[in-house]
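Given next, in structure tokens, is a single chain: the form predicted alone.
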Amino acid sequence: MKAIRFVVAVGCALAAGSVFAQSGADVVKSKGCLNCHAVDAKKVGPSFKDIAAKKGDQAALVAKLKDGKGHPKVAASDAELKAAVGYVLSTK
């Protein structure tokens, strides 16, 4: 009986993890990035296309968002930050 509960618990945990995986576009929306940025127009911050045109290193951009250096610190997981930065860099 304990083995069955364990298998069910692990299965539920794995299923829940897959539900929380978000696309970069979803992360950008949910974390409020669109308050200051737009895909192709400058707002408070540069457009996503302008950011992508600079050919920034994905790891460096993730670190900048995570550490709050030159950009307000973003409260997001590493996976969310990578997804968001990947999305921004894909808008070339």
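Don't overthink the numbering: it's just position in the shown sequence, from 1. These numbers were taken from a predicted model, which means no experiment stands behind them.
Just so it is clear, the following notes concern the form predicted in complex with heme C (HEC), a form of the same protein that is not shown.
- For residue 38, no non-hydrogen atom is located within 4.5 Å of heme C (HEC) in the predicted complex, even though that partner is not displayed.
- At a distance threshold of 4.5 angstroms between non-hydrogen atoms, residue 74 is in contact with heme C (HEC) in the predicted complex.
- When heme C (HEC) is considered in the predicted complex, residue 25 lies well away from it, no heavy atom lying within 4.5 Å.
- Scanning 51 to 65 for heavy atoms within 4.5 Å of heme C (HEC) in the predicted complex gives 51, 55, 61, 64, 65 in sequence order.
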